[in-house]
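A lone chain, given as structure tokens: the form predicted alone.
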């Protein structure tokens, strides 16, 4: 094991880089520091993530990454599980790579509003892989995941909307969460964790270009964030020294990856850190995704379904739909409005609302190759447009709201405003709904052993009592 040493900072403690304080907090977090609601919420999000990882198991990107990993990584012996291949173990970095890709395929993994990122899909794969590698128990795993959520989300909040306009924050801020979780399970101290975070940040990447041509980079983003997180923690333990102030340094991420004129929020990195308040933990502010589509569509889906239920409308009754939303939604979703593939269709506001209007839901079972050729859906898609709404824009990113106006072919106009989408804090999914969602995703993924899925649901509800975190893979 190598040693790490930073040149001491001159001046008072207030001059210590924010990320150094965050690293020290992450390394020192203990299970007994966690309020009961935080522990329970972590179990909820773990199950939600696990289901999403099963849901993406058959995707071409996941199969390609699996093939690469099995070719390049160590297979067999004590290692970490590939969740879609029971009995196959591999080095933890490669397991994190594969499972991180799988969990970001079906667009139902969680979303942390104010950081504009999906923390579960980068934190849980890295944490589970390293926990299996080192033989950690459920309490250690939960603690590491809570640390990972906070680190990732605080970095995302720091980088802000200007960064998000150009970079996929789940990848660029997410690598910090994966690193923090892995570092915690490897029992790195504050200096080692800081070094690991510096190494993670210098690898941070993830561009939105894939949205324009419906390619697989979104899965690469989460896969590599997980892999790089495990790598960064391991090499820090071995003595590799990473940059001390990768976020706010003169040539750090803010200087290099936030457009000129866009604000960053340094206070977000450390605000309320370690105050013990349950609501101060980032995981408490994350959202479940009930609909199997880009999170930017969810409040609009809720609003449309509300109108159609209240007024007894069916798909063919609707002449036009106007979605009042925030600028980031318009910018992101406009890149995929054609909806040429199943994955890209989930980023088309028009197509997603068409699916919701036809089926009364937008579940993972409703976005299919056949749906892409459905003339009714395509016709409805063309009747939807988005506009930026001033008050809704002002509330973003703390709140992801929408107002929808529907004009019927009979000439009636109806409006619904959704301030809190289903799944957000204040409207979180119940455990019964989470179980329903998990089983529906497993069905979609073609899981043969549904009994194993049900057993793992029960394991998730008692995660703090689990002594061995292996055995989550299923056929």
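Note that the structure is predicted; figures quoted are calculated from it, not measured. Residue numbers count along the first chain shown, from 1.
The same protein also has a form predicted together with another copy of the chain, omitted here; what follows describes it.
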- Query: Might residue 133 be said to contact another copy of the chain in the model of the complex, defining contact as any heavy atom within 4.5 Å?
  - Reply: yes
- Item | another copy of the chain contact in the model of the complex: residue 71, any heavy atom under 4.5 Å | yes
- Message: in the model of the complex, does residue 344 come within 4.5 Å of another copy of the chain, counting heavy atoms only?
- Response: no
- Query: Any of the heavy atoms of residue 102 lying within 4.5 Å of another copy of the chain in the model of the complex?
  - Reply: no
- Item | Every residue of 92, 207 and 238 near another copy of the chain in the model of the complex, heavy atom within 4.5 Å | yes
- Can you check 285-293, 251-259, 400-408, 116-124 and let me know which stretch has heavy atoms within 4.5 Å of another copy of the chain in the model of the complex? 251-259
- Item | Of 305, 318, 83, 220, the one that lies within 4.5 Å of another copy of the chain in the model of the complex (heavy atoms) | 220
- Note on the structure: another copy of the chain in the model of the complex has a heavy atom of only one listed residue within 4.5 Å, and of 396, 367, 231, 380 that residue is 231
- Is any part of 39-62 within 4.5 angstroms of another copy of the chain in the model of the complex by a non-hydrogen atom, and which residues would that be? 61
